[in-house]
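As structure tokens, one chain now follows by itself in the form predicted alone.
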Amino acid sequence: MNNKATININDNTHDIDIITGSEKEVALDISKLRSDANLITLDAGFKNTGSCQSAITFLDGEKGILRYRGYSIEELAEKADFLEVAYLLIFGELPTQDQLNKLSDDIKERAIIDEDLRIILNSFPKSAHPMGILSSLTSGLVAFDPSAVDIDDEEDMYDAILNLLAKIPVLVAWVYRRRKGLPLEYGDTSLGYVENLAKMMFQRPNKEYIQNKTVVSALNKLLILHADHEQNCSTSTVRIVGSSHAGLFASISAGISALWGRLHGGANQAVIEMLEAIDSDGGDTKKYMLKAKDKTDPFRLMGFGHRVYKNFDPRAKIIKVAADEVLKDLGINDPILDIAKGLEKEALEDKYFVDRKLYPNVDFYSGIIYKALDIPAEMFTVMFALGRLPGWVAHWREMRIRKEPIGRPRQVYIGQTHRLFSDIKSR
């Protein structure tokens, strides 16, 4: 294949390098187009623009493929635990048993929050959205560890990364418990990462805590499935903030804020809100399926189809099984979840949805699981953020190690041309 492409503009010829990725993706390298030809490209939303070269995650939306560092999401969700996947994403390889043990021990050693941060948490009104609180507390961690990370010092880099992996689950549990009016917990260092998260969240002060293996397994899968998803909005935010040499905590805080939006991490919350609206209107799923097919109706069916996956969401196939297991194990009797199952059944059988490949996605099933666990809808995106943490860290680390330049998109100006200033009396 020719490694050059040629464009002709105003009788001038310009050569553009062609870059081929390891999965045979082909890209035109336009990084010198402005300096060579005084031209830029316009791509609203960067839907067709590669902002970097990355070795972390491969995604093929047309074929429904998602791989972390070459490993299929199906195999990782079935065989690995979340901490193994976090190590894989951040450091490039699956850990040995010794490496995993060290990672786990180092996290437990750091899983303590400065008591002054508890004061900051308590200063938020109960009406504050959990994502806003988590973003603020994550940014607040900088105050208790203000030194910049030396990216050329592996030990310094490791320490900063481990601090985040250790402290964010505690903050997530604290945000959840404060929302529920429960005393704050630190969990149990004898437990694994996900098991400890479950205990920190669900332990009640007046009951003996009994670990539910089905719930832990579902949480483990959810965190793995959300751990990375290539250059999405929040990951791109982490990279572009980090490109200014902002610190790791500040960059992750920015990623949390980006994830908050309903078109991104807030989609699973939107699913439950939609189900609640259908329930309050009588619970007629057939009525709402007809509304979803009516292009003149403003109603949108949340949790079906995906912007990237044009066939099916490979994560949804995995988490559907976990959702069924959780509902069965907990014996949940909830009209909201009955509506969800009704919508799922109709969408999988309705020719309109099948022909358009509008299948339930990971947001649909994750919302069902979190609802079954009595996690408030406002907390869904917080759980998503915890899962996405290793991916954000991996991209921040990759971007800094590769010494990528500061992100600075261009624009095509469409405003007023030069105008003379007029005195206020003559306007």
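Since the model is a prediction, treat every value here as computed from it, not as a measurement. One rule holds for the numbers: they count along the sequence shown, beginning at 1.
If you look for the form predicted together with a small molecule, you will not find it shown, but the lines that follow are about it.
Y352 versus the small molecule, in the model of the complex: is there a non-hydrogen atom within 4.5 Å?
Answer yes; at least one heavy atom of Y352 falls within 4.5 Å of the small molecule in the model of the complex.
Is it the case that A267, even though its partner is missing from this view, gets within 4.5 Å of the small molecule in the model of the complex, heavy atoms only?
Contact check for A267: yes, within 4.5 Å of the small molecule in the model of the complex.
Would L358 count as a contact of the small molecule in the model of the complex, using a 4.5 angstroms cut-off between non-hydrogen atoms?
Although the small molecule is absent here, L358 would touch it in the model of the complex, with heavy atoms inside 4.5 Å.
So in the model of the complex, is the small molecule close enough to G242 to count as touching (4.5 Å, heavy atoms)?
The answer is no: G242 has no heavy atom within 4.5 Å of the small molecule.
Which single stretch, out of 340-348, 295-303, 185-193, 130-138, brings residue heavy atoms within 4.5 Å of the small molecule in the model of the complex?
Among the candidates, contact is made by 295-303.
When the small molecule is placed as it is in the model of the complex, are R307, R315 and D363 each within 4.5 Å of it, taking any non-hydrogen atom of the residue?
Every residue of the spot touches the small molecule in the model of the complex.
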